[in-house]
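In structure tokens, the next block holds one chain alone, the form predicted on its own.
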């Protein structure tokens, strides 16, 4: 992997040059402590020094609500009019969110490949950026605080410059198109990168021990903690909406007033919604909130491990920040593995 240096004084010129590769989307500041990924028309609005966005980058590849196809008696089924082939440059993605996309890649490349998702993936370039963790980040515990692939370029802050890792031919094209803005990496840059990497470890305030956690969760399947969390949970589904790796969606047909034409749509769903497990005949096999909470935790930390060899949580801290009931996944998992908990 080739590594070059981008002086920060050249950053604006580089970002401006990215428009030839697609429409630029990057984090912007919504209010004092809130950021979101948005289309960029003014480069000065880009905020690369942010902690986390409200919604993760998955919204670009699995939109919250989208048309799958339209139907009518005359034309049958028609593909959506949305331009899936539009090019995007997604700038400023943290390593944990890149890992989140890699997890979604695993899910949507299964037996039934999601071509909507992968068409968008193919037409979106990813430029990652390093970050400083806050008191809700536990990506180091989930081994997602560093990423080796899944991006085109990755910018690591070394004070006056960025070290830029070039991971793909597209990333190389981006650098070559702005060759005069980049410099070679020298010994001082390497020393500074190492110093900041070691310093970054000290910013992590919370830790989640993953060793034999799936086995412990199996042993604690009937634990009273699920009832305790169920009492607190509001079943609002916020944690699912902000999660980089939650991928459940509902599919429904929306008829027009003529009763003959319409469209098939899909929208984000959550296993915490009361009607998520409702089936024909009125049976709801997860009618209790405690059962729905337990299902979510077991899927993230147990079921996904069994199927894919790793948890589906990336430690971004969004669920901790967003939960109106103040349910903390790290506190829950710590209690589960505590020998003194009853």
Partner chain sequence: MAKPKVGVFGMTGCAGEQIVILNCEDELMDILKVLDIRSFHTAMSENDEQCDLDIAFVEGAVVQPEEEVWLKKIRKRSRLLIALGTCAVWGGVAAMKNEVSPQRLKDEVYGPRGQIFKSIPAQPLHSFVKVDFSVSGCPIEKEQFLQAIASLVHGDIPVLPKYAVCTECKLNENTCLLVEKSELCLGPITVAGCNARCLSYGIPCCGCRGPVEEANIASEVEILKEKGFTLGDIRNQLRTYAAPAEVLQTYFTKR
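What you are looking at is a predicted structure, and each value in this text was computed from that prediction instead of being measured. Residue numbers count along the first chain shown, from 1.
Keep in mind that the form predicted in complex with the partner chain is not shown, yet the notes after this line are about it.
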property	result
Heavy atom within 4.5 Å of the partner chain in the predicted complex - residue from 212, 256, 72, 115	256
4.5 angstroms heavy atom contact with the partner chain in the predicted complex for residue 236	yes
4.5 Å heavy atom contact, residue 230 to the partner chain in the predicted complex	yes
In the predicted complex, residue 45 touching the partner chain (heavy atom, 4.5 Å)	no
Touches the partner chain in the predicted complex: residue 268 (any heavy atom, 4.5 Å)	yes
Partner-proximal stretch of 248-256, 87-95, 115-123, 159-167 relative to the partner chain in the predicted complex, 4.5 angstroms, heavy atom	248-256
4.5 Å heavy atom contact with the partner chain in the predicted complex for all of 37, 241 and 273	yes
Residues of stretch 165-185 in contact with the partner chain in the predicted complex (4.5 Å, non-hydrogen atom)	none
